[in-house]
Structure formats: C-alpha cells, structure tokens
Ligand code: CDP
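This document starts with one chain, in the form predicted on its own, laid out as structure tokens.
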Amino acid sequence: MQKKILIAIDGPAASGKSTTAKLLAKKLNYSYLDTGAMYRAITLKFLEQKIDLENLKKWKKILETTEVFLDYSNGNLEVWLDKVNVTSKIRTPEINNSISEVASMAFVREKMVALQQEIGKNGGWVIDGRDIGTVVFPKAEVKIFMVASVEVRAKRRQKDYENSGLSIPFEQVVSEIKKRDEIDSNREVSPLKQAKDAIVFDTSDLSIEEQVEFLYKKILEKI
C-alpha cells in the first residue's frame, strides 16, 4: 500500500490556498483540513463575547471550554463552534478584519496547533494555513507556499463577498488584504513565512484547475 504523506500549503490571504487544497485532497483521495476556518471560528467567539481583546486572562479561561469542530461528511465544509453551526458566519469583513489579531495570540495558536497536529499525525492530509510547513508540520513531505499579487487576491476576496451577498468596495478589500499581510508577517508567534524547502507557487495568472493540476503532478513525484 502506498504511504500517505502530509501536504502543507501556506500563503497569504486569498492566495487560493483553501480552494486549491480542497480540490487537491479530493484528487488524491486525501482528507483536507482548513486551519483558517478554525481561527475564524475562534475569532467569531471573541467578537460575540464583546470582551476587550486585551483581557487575556479572561480569554484564556473562555478558550479552555471552547470547542471547534470541522465536518466534511456531506461533501462540504461545515464549521461548528460550541455545537452551533457557524459556517455562514465566519466569512464576513468583520471576521477578516479581526482574525489576524486573534490568531496572533500565543494561547490561541497553542491550542489550535496542538489540535491540528493531532488530526494530521498519521498522514493522508492536505492542510492549508499560514504556519503549517514552518510550525505545525515542519517535517511534512511536501510544502507549498502559494502567492499572488495584492490586486488578484483582492479580486478573489471581493468575489467571495459577492457570493455571500455582500457588496464591498474594491479599494476597501485591497486595504484589508494589505493590513492582514502586515499583521500576519510581523506577528511574534508563528509569523507567515516561507519554509526553506517549500515550493513557491505564484497563482496570479492561473485558474484553479491549473493550480490543482500543477501541484498534483509535483506531489506525484514525491509519492
């Protein structure tokens, strides 16, 4: 039986990670883990509690009893927070504007990283995020760092908003992307950065189908 490996896909916001990783996992008959959805769920919890983000003692206590569960059983990702389906609530501008701040908290990342490592420890997973190849699974057999221009990423994010029924000015989306890049790349805990042995993959001029096919061929070389 062919050994199943770990495939780590990192990159900045709207670089195409989640869509590509999900389709790639299906093509390989692997499981897929969207770590960004986990952080989005935690961010939603923080925003709904309306507690100052500086109150770390309070947040640590709340996080101890917070449950995040990702369900793919129906073929689509469903995100559950404390046994409530929050799938439709975690893809909003409010979450996008706050997720980097929440995800930069050491105790939040510690809990999420431990959960991610437990999930993927036996291989057979395509996992995307911002620190998968550098922190969560530094020994992953295949590491990919996806990039794209700010303008291309902003257009993708704007389309996501439109699909959710939201109309956000392009200039505002560009500003959101740049702000998130700045925070993600400069945070003290698990900053966004390319692993030394990662394949750098610019998706600016490629369709989703082209992205998946390129990575599929690269991974077949490994397995």
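All residue numbers refer to positions in the sequence shown, first residue = 1. The structure displayed is predicted, hence computed values, not measured ones.
Just so it is clear, the following notes concern the form predicted together with ligand CDP, a form of the same protein that is not shown.
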Against ligand CDP in the predicted bound form, would K89 count as a contact residue? Criterion: heavy atoms within 4.5 Å. no
Do R180 and ligand CDP share at least one heavy atom pair within 4.5 Å in the predicted bound form? yes
Quick check on K45: any heavy atom within 4.5 Å of ligand CDP in the predicted bound form? no
Taking 4.5 angstroms as the cut-off for heavy atoms, does V126 touch ligand CDP in the predicted bound form? no
Partner-facing stretch of 127-135, 81-89, 143-151, 67-75, counted where any non-hydrogen atom is within 4.5 angstroms of ligand CDP in the predicted bound form: 127-135
Joint contact, P12, R40 and S100 to ligand CDP in the predicted bound form, by non-hydrogen atom at 4.5 Å: yes
At 4.5 Å, heavy atom to heavy atom, what parts of 15-32 sit next to ligand CDP in the predicted bound form? List them in sequence order, or say none. K17
